[in-house]
Every structure is written in C-alpha cells, then in structure tokens.
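As a starting point, one isolated chain is supplied in structure tokens, in the form predicted on its own.
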Amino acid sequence: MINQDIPIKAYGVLDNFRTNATTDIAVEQLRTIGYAVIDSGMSRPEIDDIAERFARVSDNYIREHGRPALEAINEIDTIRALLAQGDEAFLQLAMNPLLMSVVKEVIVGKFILNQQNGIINPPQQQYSQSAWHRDLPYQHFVSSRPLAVNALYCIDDFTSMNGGTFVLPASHKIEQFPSEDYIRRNAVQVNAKAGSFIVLDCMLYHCGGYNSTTSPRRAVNHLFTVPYIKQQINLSQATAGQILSPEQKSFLGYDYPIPDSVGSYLNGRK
C-alpha cells in the first residue's frame, strides 16, 4: 500500500528516475533496494494449473530419485530443473512476458536461464533456504550493473505465517555480509500473493522464514544470468529431446556451449 502522506516534492534535483509503467517501478526498486514484487498477469485458473502441475512433478521427482536418498543429501525440499521434468508449462513460466520485460531492463545485453528449481518450505520445521544467502553464494563483490537476477514465483501466498521470504534491503550494494544488528533492524519480510514474482538482485541477501502453518509454502525459483556464468545444470542437454524454438534454445543456453577443443572453438567463431 502506498503511503499518501509521504512527501514527494523535491528541489535541487537535476535528474530523476521516471516511471511510466508497472515494470518501470520494479526496475527502479531492483536498482535501489534490490527487490520488487511484480504480478505475473496470470488468471486464477492458470495459477491453480501451475500449482497442480508442481504437485505432480514433485511427486514424480521424489519417486524417481527416492525420498531416503534425497533426505540423505538435504535435497528433499528442492526439485531441480523443473522445466526438464517433462512439463512444458514450466518453460513458459520462466519466459513470462512481464517478468522478461523487467529482466531485460536490469541485465544489460544477453542473459540465459541459469536455474529453475522448485522450492518447498515445509510446515513447522527448518529447511535449507532458511539461512541468509545470495543466489550467487560465496561471492563477496558488487557490480555497477547486475550480473544475475532471481525471480521467485509464488505458487502459494507468501505471508508472515507460512515463512514468506526475508530480504535485507540494499545488501546487494555491499561486499560483506551485514552484521547481526543490521539484520535485526533492517530485515523485511515480503508478502506476496500466489501468482506473483518476487524479483531480487542476485547479490541481495535473503532467506525463507519459518513456516508455522500446517501446509507447505511452495515456489519456483528462477536465476537469470549473463551467459558467462556456468549453469547449475546443463539445461541444453537436459531439454535436448524437447521441440524448442530458436528463442527458447537461446534462453536455455544452447547458443553458449563450452567448446571441447580448440577446433570446436574456432568453428564456433565462424
């Protein structure tokens, strides 16, 4: 909700950011505080359809890889490479037009889908994403322009009760992890409706909250990066059997293979 009592007039200003559309507002927020919430533009039936597909893919994934094996490596609450699990709806979700219009404004030049993982915040227990992290983990640098953006699609409403995502505003602008005092004073829990994307600069520190309800809180996390950053899973190989358009192939990294020899590299230059 916009606070109408906050002053907006200014003086001594020679340049300012102007917003003409909802996506402009999200871009401004991403550049300044590191996060924004945007609507996917999907209808209620489409939102419900994605939720049903997520449940089916999750069940199949656990059957394929085995619950005990996934639990043993702390992977039971993550479904890797959703779009490679035989349901084309997840590739369409990753290429959502409203989301793409924001990412194209924030990442200058070419970008690819680096990851698409299902995330489940289980009820009344800790899980791996509850610790503060960047989506390019172990990195302590800042850049003048984002190298990567992640977008968390909310399958369920994100609330304070079910462990909605916490963020540390503007932490994408500092190299070090903030102090405990900063975290306690500045952490914000993001509320978002099902069908929304929580979009983050990948260097913004964030984490999942504690889910005190009796139902899991589910999401699909996307990481978009410049092509020079290695994909978590080779999505061009993982989707090799699918019929894809040239645009989809470029989006999944088909245009950026790692040459296996000098000859391959030189042929690629042609």
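Nothing here was measured: the structure is a model prediction, and the numbers come from that model. All residue numbers are counted from 1 along the displayed sequence.
Keep in mind that the form predicted together with a small molecule is not shown, yet the notes after this line are about it.
Contact check for Phe111: every heavy atom lies farther than 4.5 Å from the small molecule in the predicted complex. Residue contact with the small molecule in the predicted complex: Asn96 places no heavy atom within 4.5 Å of it.
When the small molecule is considered in the predicted complex, Leu152 lines it closely, a heavy atom lying within 4.5 Å.
Shown alone here, Gln231 lies farther than 4.5 Å from the small molecule in the predicted complex, counting heavy atoms only. Note that among 202 to 210, 25 to 33, 47 to 55, 238 to 246, the stretch whose heavy atoms approach the small molecule to within 4.5 Å in the predicted complex is 202 to 210. A heavy atom within 4.5 Å of the small molecule in the predicted complex is found for one listed residue only; from Ser196, Thr159, Gln129, Gln85, this is Gln129. The contact with the small molecule in the predicted complex, taken as any heavy atom within 4.5 Å, belongs to Ile119 out of Ala81, Ile76, Val103, Ile119.
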